[in-house]
Ligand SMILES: C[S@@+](CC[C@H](N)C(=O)[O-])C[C@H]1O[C@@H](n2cnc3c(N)ncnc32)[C@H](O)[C@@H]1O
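Presented below, as structure tokens, is a lone chain in the form predicted alone.
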Amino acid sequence: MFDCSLDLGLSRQQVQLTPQGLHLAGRGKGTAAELREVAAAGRTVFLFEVGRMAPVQISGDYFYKLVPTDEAPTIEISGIQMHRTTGTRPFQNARASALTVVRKGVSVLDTCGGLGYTAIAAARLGAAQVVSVEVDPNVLAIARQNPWSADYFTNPAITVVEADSAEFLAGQPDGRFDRVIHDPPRFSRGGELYGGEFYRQLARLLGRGGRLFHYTGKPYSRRHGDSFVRGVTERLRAAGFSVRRAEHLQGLVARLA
């Protein structure tokens, strides 16, 4: 018998390892051949279900894969990692981002919900309501298999909406939310989520005194420098926000006057 984690570090369990494989108390066993496959797979999370071990991944128009880290796993979409892992950890970074704007009792819009880490962080910080919008059903399917995302689907303060964020915003009333956490994919996959019209919709939904955290990443080129972030800042200001940088989070914190 030895001690290990079967849920990516959230808890510890006793398991028995024999020449035939791994015996999981009350959950069957993994054969030696399956364990060799897991060991050879490297950066892959496996789910033990229906008597077998299967990688947590989906092939479609894109390739979706849950990838382990030192903390909560991240998701890769066609090789592009969706969370920061250099110098930080996915769940830790989500909480730090939420802390910039979330206060007890506020209502929060979480755009581009992904694995739900930001929504979970906002709810745990005391938000009265978190509406998290995610357009990709494959991302949500991966989230449902991720033990770190469990609260995303079970916390009564969180409502998960499968929809396009821009379309969702257009259908909401003025002043619907107190706070927004906006963590869009890179510009090449969601350019409209960095546009002036989208920011005007955010301002309309927030109303006076509303606050926004906007993850931008840290794109930089020798030719243009950090003009991308400057452009985002200018469009937010044109929509009515005052803006300051949160360098350690690679984002912007904005407030409506």
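We number the residues from 1 along the sequence you see. Keep in mind the model is a prediction, meaning the values are calculated, not measured.
Just so it is clear, the following notes concern the form predicted together with the ligand, a form of the same protein that is not shown.
Q: Within 4.5 Å, heavy atoms only, which of 163, 141, 128, 170 is in contact with the ligand in the predicted complex?
A: If I apply the 4.5 Å criterion carefully, the residue I get is 163.
Q: Of the options 150, 96, 135, 106, which one has a non-hydrogen atom that comes within 4.5 Å of the ligand in the predicted complex?
A: Going through each option in turn, the one that passes is 135.
Q: Taking heavy atoms and a 4.5 Å cut-off, does residue 70 contact the ligand in the predicted complex?
A: Residue 70 lies outside the contact set for the ligand.
Q: Should residue 175 be counted as a contact of the ligand in the predicted complex, where contact means heavy atoms within 4.5 Å?
A: Because no heavy atom of residue 175 falls inside 4.5 Å of the ligand in the predicted complex, the answer is no.
Q: With the cut-off set at 4.5 Å between non-hydrogen atoms, does residue 192 touch the ligand in the predicted complex?
A: Residue-level check for residue 192: yes, a contact with the ligand.
Q: Is there a heavy atom of residue 101 no more than 4.5 Å from a heavy atom of the ligand in the predicted complex?
A: No.
Q: Which single stretch, out of 226 to 234, 53 to 61, 192 to 200, 33 to 41, brings residue heavy atoms within 4.5 Å of the ligand in the predicted complex?
A: Stretch with heavy atoms near the partner: 192 to 200.
Q: At 4.5 Å, heavy atom to heavy atom, what parts of 109 to 135 sit next to the ligand in the predicted complex? List them in sequence order, or say none.
A: 111, 112, 113, 114, 115, 116, 117, 118, 133, 134, 135 sit within 4.5 Å of the partner.
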